[in-house]
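Take a look at this single chain in structure tokens; it is the form predicted alone.
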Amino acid sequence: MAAPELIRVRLEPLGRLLEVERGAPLRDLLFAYGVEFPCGGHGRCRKCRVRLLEGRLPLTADEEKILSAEEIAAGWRLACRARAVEEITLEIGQWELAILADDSAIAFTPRSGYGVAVDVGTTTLVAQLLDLATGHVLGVRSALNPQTVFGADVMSRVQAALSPEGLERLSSLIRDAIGGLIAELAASVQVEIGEVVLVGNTVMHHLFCAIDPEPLSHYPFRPSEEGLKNYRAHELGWELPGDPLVQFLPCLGGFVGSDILAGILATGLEEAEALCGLLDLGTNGEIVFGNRDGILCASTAAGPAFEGGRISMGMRAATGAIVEASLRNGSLEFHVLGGGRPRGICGSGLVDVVAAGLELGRIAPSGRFTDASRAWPLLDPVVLLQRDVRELQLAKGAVAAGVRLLLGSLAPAKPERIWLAGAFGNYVDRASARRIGLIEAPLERISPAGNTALLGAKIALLRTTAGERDFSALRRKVRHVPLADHPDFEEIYVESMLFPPA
């Protein structure tokens, strides 16, 4: 058999030169170098655009429909559709990992050995190596979740897992990536790891554990009721000295995964005397309210607007993103991550801009632009469209409705503290979030909580033994509330989409 014909693909500004098979799909080549595929490579979101600098990259019929004539003339192509048929030079944008690591001190009983805590995020994987005798963090490794090539949201990955051999591929991808991070950590300080604790949302739990996610693909969205999952490293294909025990903590119900169980541990919510809340805001918004007497939890499909998804010029919080906007003397001032000319707007910037639009009277409580236009130029070339505001309304309405319903099921007392978890929760401006009606609480009661998933995984690793990590007592205290089953959910959801009046 003849050897495959190789051609060269140069990536700028990285200065990388790749040798690839002629005809290779760009999707398979570019993911490792920072090109994202939020819609799973279906040619819907246009976020995988790359620019042809030299050579020839034939247009596909899909690209001719999706890209404008001006974009095509400027050399833009969709990486999810193009193939390398001859030597080319491409300009690509890089992703930067916005990692919420954690270095919080934890009270625990020391023991000998080393362990790893892992936050299996939908977008980002973070692993911390801990000395179990001191609690000190000896190393941190992170990576983009390789499943992102199948879509930025969990439901895209559920659908991909339902295809022939899909679950096996998605499971292998995530296991190999995490195993690689742990191997790097162990080698960096030359220690033998005894235990690994992982947390993640329900879909990440199912895909890592190779559990059929079909029940999560349709109503009533019932996950596997399996609790703590135990493995030895070799069962996952990890060649680690000592073959450590690997444990994925159990989910709480529905789309409320072990990352929220970890969040409850991290905030001490299950031990609190007063009513407290925890909001983890992303494509899937998880909501928890309660105290030591009992806890209610729910999940709501907020959509990807908080992470820049489905926004016309939306992007992650990477270089070139408008991350903040504030009013100064009646005019908007912007902060662009990394300085320079903006490329788009991320979730925190979007919330700021809409909050400012409400204050300026540019946006009505209904969400409509008051000047009857369909676009609001922000900072050239970034423009906010009417449909972008609608996407934010859908997201904030889902979360606000969930909060109202859970609080309505509890005592009439107001929450003493509401913690905001995850990247969006930590970076969103509290006043802007309150102005758009995302959170209805005094600002002094709202606090960013950092990476509660990673902190909770560390607490589980340091404070408990392997046999105690089913957390059965805590799980009995938690009741999952399926919001879609509530008779008032649709009505409250529609009401919650409106913005508060000035």
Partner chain sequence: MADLNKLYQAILTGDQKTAVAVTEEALAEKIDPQVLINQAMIPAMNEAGAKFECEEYFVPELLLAARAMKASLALLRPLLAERGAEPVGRVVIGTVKGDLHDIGKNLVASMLEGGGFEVHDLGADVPAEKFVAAVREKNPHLVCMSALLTVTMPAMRTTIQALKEAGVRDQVKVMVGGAPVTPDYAREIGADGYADNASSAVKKARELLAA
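Positions refer to the first chain, counted from 1. Just so you know, these numbers come straight off a predicted model, no measurement behind them.
Heads up, the form predicted in complex with the partner chain isn't pictured, but that's what we're talking about next.
Exactly one listed residue, out of S172, S217, S409, S188, brings a non-hydrogen atom to within 4.5 Å of the partner chain in the predicted bound form: S217. A heavy atom within 4.5 Å of the partner chain in the predicted bound form is found for exactly one of T89, N230, Q386, T370: Q386. Only one of 69 to 77, 120 to 128, 231 to 239, 153 to 161 places residue heavy atoms within 4.5 angstroms of the partner chain in the predicted bound form, namely 153 to 161.
Contact annotation for the candidate site: L275, K414 and W419 all lie away from the partner chain in the predicted bound form (no heavy atom within 4.5 Å). At the 4.5 Å threshold, heavy atoms of N426 stay clear of the partner chain in the predicted bound form, well away from it. For the chain shown alone, A356 is not a contact residue for the partner chain in the predicted bound form, no non-hydrogen atom being within 4.5 angstroms. Using a 4.5 angstroms limit between non-hydrogen atoms, E490 touches the partner chain in the predicted bound form.
The closest heavy atom approach of S326 to the partner chain in the predicted bound form falls outside 4.5 Å. Contacts between 363 to 402 and the partner chain, taken as any heavy atom within 4.5 Å in the predicted bound form, involve S366, R368, R374, Q386, R387, R390, Q393, L394.
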